[in-house]
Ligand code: BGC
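Here's a solo chain for you in structure tokens, the form predicted on its own.
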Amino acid sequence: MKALTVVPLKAGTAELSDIDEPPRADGDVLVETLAVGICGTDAEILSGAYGWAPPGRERLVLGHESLGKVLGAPAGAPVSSGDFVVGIVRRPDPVPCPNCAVGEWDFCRNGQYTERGIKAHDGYLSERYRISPDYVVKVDPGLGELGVLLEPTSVVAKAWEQVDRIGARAHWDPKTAVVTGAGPVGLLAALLGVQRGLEVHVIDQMETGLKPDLVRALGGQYHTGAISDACKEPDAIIECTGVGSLVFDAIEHVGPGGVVCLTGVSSGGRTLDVDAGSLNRSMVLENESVVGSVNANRRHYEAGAEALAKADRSWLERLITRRVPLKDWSQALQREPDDVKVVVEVAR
């Protein structure tokens, strides 16, 4: 069967390879891959900046934002033939650490976890894959190809869970939220914020086009300036860019008792002048919190699936701005001005 593979940490090694059928060791559920979303992590791996091959192997099958259809499943599994499904990305470490032992593998303490399509475990960008019933999530069949949005939605479902848990240390009745970045993760974070009944403000650089339109179609407010100009002292800020200046802007301007959740990964090598004393004083005296959040466990995928099932289908459809056949996979990496989410179609 065909699969998109790469030699991790070596740029220019990606190719559409012929590989063996998925091994039984990967699980008892056999899935036909329909579509795989492309994100910044994939671009990093393809550029040679990131990634690990499975033990004893040179090449890694790429792809972690999946959508597939079940071809076969054992009796008693949570899915059956014909179901639309998404594969969870992370797997617990084999030790396991205390968090992995109780299903909180997204908080792995010793770093020995694996991730499909990223770290030491083949991904989903192949014509078929196998998976354990414990790591497959059923999606609403009415979503169709839009189910490919579940993995990034699981990330923001976890982010909002972190915000709510930390906020609930005291009386927590948030009214306003700011989301920095109007990429797929930012727009999905805004969607979940609106579903929570919050007044949502989204900040990005594009002054016109699809991204501002998508925010307004949600009922949110779109801005291109600073957080302080967009919303005075928001209760929560979901930072989705990893841009250092925006990270510190978020920490500086969250409201008293508010929570900043960082989901964007910053690149190194850049420095900023920060008044650390003033920042510390504000955070301490106003009981502000900052939390980092990455990846997701099963309940976050399930929460994300529920959020997508409730969302307006026409709005979700506009998030997928390009569909690229598997044979033309390299086109998915060529960014176009109005791109939001680009999807590689493996099968229809």
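Since we're looking at a predicted model, the values are computed, not measured. From 1 onward, residues are counted along the sequence shown.
There is also a form predicted together with ligand BGC; it is not shown, and the following applies to it.
For the residues 115, 249, 204, 83, the 4.5 Å heavy atom test against ligand BGC in the predicted bound form is passed only by 115. Of the candidates 294, 49, 283, 290, 294 is the one whose heavy atoms come within 4.5 Å of ligand BGC in the predicted bound form; the others do not.
Of the candidate stretches 120-128, 194-202, 86-94, 233-241, only 86-94 contains residues with a heavy atom within 4.5 Å of ligand BGC in the predicted bound form.
In the predicted bound form, at least one heavy atom of residue 64 sits within 4.5 Å of ligand BGC. The closest non-hydrogen atom of residue 39 lies within 4.5 Å of ligand BGC in the predicted bound form. For the chain shown alone, residue 155 is a contact residue for ligand BGC in the predicted bound form, at least one non-hydrogen atom being within 4.5 angstroms.
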